[in-house]
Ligand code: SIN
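There is one chain below, alone, in structure tokens, taken in the form predicted alone.
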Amino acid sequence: MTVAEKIALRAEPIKPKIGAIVRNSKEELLSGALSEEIRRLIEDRGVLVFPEIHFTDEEQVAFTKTLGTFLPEMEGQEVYDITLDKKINPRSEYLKGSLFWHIDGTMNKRPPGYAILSCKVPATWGGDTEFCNTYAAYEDLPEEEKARIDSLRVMHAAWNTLFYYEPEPSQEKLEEMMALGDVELPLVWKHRSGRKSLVLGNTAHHIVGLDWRESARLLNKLREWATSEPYRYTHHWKVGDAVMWDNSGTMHRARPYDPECGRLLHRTKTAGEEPIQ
């Protein structure tokens, strides 16, 4: 038996419905010997925390590659700077939408699969990241509610996120965001595993074919349910922490923080393995 074969995943749940803390060493994680167990665990838990693991960028990229097909950023970089500091991230304006519940990549044919954030500079105040388990939230819905929403479809648009953080945008900015297009998605994602999860978040504009008031009520009700205490985990960042989430079965958001504080997280991600359908 090889050394790699002797490695066991050491993890403990954070809450009954979401989250686990992984206690393995950096060397064990980078070996790739735990990748299948990690993939199974995150589908169940939604979010995995690697406290003060202190990945370098190269190590974070290497670890991400053990979990699936590595997905570079739009401009080709392997690591994305999550910061409001425009000197570091010239596109930081777009990150303002991340302060509200969302799924990454709803406008893509296949949303990203897993994402990993590591903390380089924490906020001076606030700046926690919250996650919710949309698998567990769906599974706990009453059966009559599941039947009601199972076939509903929702229009999603990147421009809808703009009104969360800038209610009166310039026409130029609105047109720029609208140029990204719209996409119709199911409200309930029927995964190839047989499980189902809710597709919500700040890109969700309206439910197709429903009265607009009823659409707003239902989307808000489901968002409130999915992000309620049993399904929500809040991570308080320390330097060196890494947090991984299953983007196909969770939503997340950053909590408000001082935009001048230099908060900096590094993100890597894997390609999605299935479209929302």
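In this text, residue numbers run from 1 along the sequence as written. Owing to the predicted nature of the structure, the values given are computational and were not obtained by experimental measurement.
Form predicted in complex with succinic acid (SIN): not shown, discussed below.
With the partner removed from view, the residue among 82, 152, 157, 141 that has a non-hydrogen atom within 4.5 Å of succinic acid (SIN) in the predicted complex turns out to be 82. Exactly one listed residue, out of 96, 102, 196, 206, brings a non-hydrogen atom to within 4.5 Å of succinic acid (SIN) in the predicted complex: 102.
Highlighted residues 245, 254 and 265: every one comes within 4.5 Å of succinic acid (SIN) in the predicted complex, counting any heavy atom. None of the heavy atoms of residue 161 is located within 4.5 Å of succinic acid (SIN) in the predicted complex. A residue is said to contact a partner when one of its heavy atoms sits within 4.5 Å of a partner heavy atom; residue 119 fails this definition for succinic acid (SIN) in the predicted complex, lying far away. Among heavy atoms of residue 129, some come within 4.5 Å of succinic acid (SIN) in the predicted complex. Of the candidate stretches 222 to 230, 245 to 253, 28 to 36, 57 to 65, only 245 to 253 has residues with heavy atoms within 4.5 Å of succinic acid (SIN) in the predicted complex.
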